[in-house]
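What follows is one chain in structure tokens, specifically the form predicted alone.
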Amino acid sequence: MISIFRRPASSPPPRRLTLDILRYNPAEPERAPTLQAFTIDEAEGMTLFIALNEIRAHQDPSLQFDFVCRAGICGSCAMLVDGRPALACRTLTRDLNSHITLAPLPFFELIGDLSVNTGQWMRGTAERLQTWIHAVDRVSIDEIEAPMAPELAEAIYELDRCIECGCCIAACGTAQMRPDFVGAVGLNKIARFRLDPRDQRSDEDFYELIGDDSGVFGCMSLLGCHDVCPKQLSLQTQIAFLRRKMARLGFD
């Protein structure tokens, strides 16, 4: 009789990963930023999020980094991975070299180590660009909701998938030179509300918000935002479209 149970073939030993992590606590300015090396055995399907949790759980509980959803939805775990903005929870270690360098996103306020405060900047940008529906007509909750074409609803949803992770800002050359630049995330929000028929603002109203070098005309079209967006949004397409619309108003 031939047994159906077979011994599994011997698997190769796990790869040994070295993570060089930038360590710095702004509350201790007397300590200079430094790279600290951690080693860990790679597991099947391991993400950087899992690796960082292993390090914090078993090697250094003081390591600071952010996470919430672990599914690429909240955007909290964005960081520089070998110099490129990415989400730790969506980055598989098998796609990287065995020697990995991690650093916090530039541009944003540093909380500590890999943790940055993107929320303060995102809220300030939302208030500055007034990213909410502006309706002149009074809305009655007793009336039937106005219908919307499925194609239009899908287009709005596509722009609404931004998770405000900050990767596009970290990869933006203009943002590094102009702290007041609203970036791809801000311009994407304008594109989203301009498309929404419930928002009754005109293009002239949007021009007042983004029609200068801190807005749509500050973009240098380097495609950094487009290349690193973890949700693969068509950021440069939206910026180019807005620029054409705003340019026409500027010449009127």
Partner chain sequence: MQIIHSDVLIIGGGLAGLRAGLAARKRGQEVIILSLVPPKRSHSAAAQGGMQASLANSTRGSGDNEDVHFEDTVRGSDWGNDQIVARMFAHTAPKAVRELAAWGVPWNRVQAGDHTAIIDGQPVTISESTTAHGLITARDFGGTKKWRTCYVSDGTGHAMLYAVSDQSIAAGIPVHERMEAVSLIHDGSRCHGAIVRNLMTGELVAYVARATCIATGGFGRIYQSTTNAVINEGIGAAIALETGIVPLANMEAVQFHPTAIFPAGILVTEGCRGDGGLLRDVDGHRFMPDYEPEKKELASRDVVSRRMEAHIQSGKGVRNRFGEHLWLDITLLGEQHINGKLREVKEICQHFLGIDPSRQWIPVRPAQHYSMGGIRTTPDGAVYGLQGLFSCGEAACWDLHGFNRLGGNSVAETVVSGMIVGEAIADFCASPAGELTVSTALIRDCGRQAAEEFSAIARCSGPENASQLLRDMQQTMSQQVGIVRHGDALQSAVDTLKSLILRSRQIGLRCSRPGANPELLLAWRVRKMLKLALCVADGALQRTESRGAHFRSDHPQRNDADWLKRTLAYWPDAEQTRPTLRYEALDVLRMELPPGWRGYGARDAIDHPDTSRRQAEVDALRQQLASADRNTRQAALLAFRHHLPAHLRGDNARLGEAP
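Computed from a predicted model, the values in this text were never measured in an experiment. Residue numbers count along the first chain shown, from 1.
Just so you know, the form predicted in complex with its partner chain exists too; it's not on screen, but the next bit is about it.
Taking the partner from elsewhere, Phe38 is found to have every heavy atom lying beyond 4.5 Å of its partner chain in the predicted complex. Proximity of Ile73 to its partner chain in the predicted complex: non-hydrogen atoms within 4.5 Å are present. Although the partner is absent from this view, Asn97 stays clear of its partner chain in the predicted complex, with no non-hydrogen atom inside 4.5 angstroms. Interface residue remark: Pro33 is not counted as part of the site for its partner chain in the predicted complex, having no heavy atom within 4.5 Å. Residues Ile111, Asp113, Ser115, Val116, Asn117, Thr118, Gly119, Gln120 of 104 to 122 are found to place at least one heavy atom within 4.5 Å of its partner chain in the predicted complex.
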